[in-house]
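Just one chain is shown here, as structure tokens, and it is the form predicted alone.
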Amino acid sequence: MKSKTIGIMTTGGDCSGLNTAIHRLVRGAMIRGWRVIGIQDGTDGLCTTPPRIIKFDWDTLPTECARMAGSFLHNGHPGALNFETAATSGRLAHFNRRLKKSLRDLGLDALVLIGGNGSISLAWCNRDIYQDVQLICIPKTIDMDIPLTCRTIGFDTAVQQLTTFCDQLMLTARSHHRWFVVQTMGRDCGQLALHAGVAIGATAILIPEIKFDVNELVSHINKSHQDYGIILVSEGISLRGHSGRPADMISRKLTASGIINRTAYPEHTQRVGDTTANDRILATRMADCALNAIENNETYVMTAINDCECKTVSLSDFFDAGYVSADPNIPDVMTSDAFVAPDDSLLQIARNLGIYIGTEK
């Protein structure tokens, strides 16, 4: 087997499971006799002279550390040079040239990019940068908004973190006969709120994909068989005529209707926590799939899980399968997104359990 040099880079927001994926990639590559380079701080690490890298050996990332959240390679820093900051500062052409030169200077045969839907969309839209290397993408995000894969690294741990947070709130809610409005992450996708809401038995789950009526929500709470509980609100929802954080908007409406409540914000605790076994297994499967793709000389592909099978899909298919919209921060770049589908079985399960999920179409 021909020796290869592969690079690993984590981009976008952090999440649990990144270190597991890095560890498994390094282990599998070194067993194959390949050289492994880690690129620090995402694309910013490729834009310095020389590029900021870590040369992996068997002891660089210990097995017991692979379960930890965050990224051993970091995901960027304030002021980091990436596609967005390069565009806003008028340096996009220079940035693109610099990335291509650094990849060539490092002598990489392949680059494994572990990123979210924005990072993977950017990789496809700027694919000429990677024409001299095999580009293999691994999907990670707590939002689970990536087309063509039914699971993303970090999602399961985020659901567990959010569930644990709400479990504790439920105890104080019961003690004081009080409702809690909890705002979740997820951007414009409601998967995180939906899954955690079903897990905790929430009274209501409000997500961007489903229209809701505040008066219906108030009526649902008043007709419930409890005088306490949790309303999960995804950060991407909007309320016509109101501004501010979504949980605050809903809380004010409940207060005006005489429903005693408090707001709670788990914030970045959703991104951390020891990686769950499911996420570790997923990261391992996707790392193995990525290494096999490198062996098979594939490029411009993404690892994906569907019907319990892990295989690669082309970045072209990934991009075309989603809801494509203009990136608000980078001119002439489009992003491909996935959302909670109207026929998602979990929506109907939530309704069957008496959870207010919005207006049924």
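Keep in mind that this is a model prediction, so the values were computed, not measured. From 1 onward, residues are counted along the sequence shown.
Although not depicted, the form predicted in complex with a small molecule is the subject of the following passage.
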property: Residue (of 136, 142, 233, 286) lying close to the small molecule in the predicted complex, criterion heavy atoms within 4.5 Å; result: 142
property: Listed residue that, although the small molecule is not shown, lies within 4.5 Å of it in the predicted complex (heavy atoms), from 185, 120, 205, 73; result: 185
property: Candidate stretches 102-110, 87-95, 142-150, 165-173, one within 4.5 Å of the small molecule in the predicted complex by heavy atom; result: 142-150
property: Partner contact for residue 211 in the predicted complex: the small molecule, 4.5 angstroms, heavy atom; result: no
property: Close approach of residue 271 to the small molecule in the predicted complex, 4.5 Å, heavy atom; result: yes
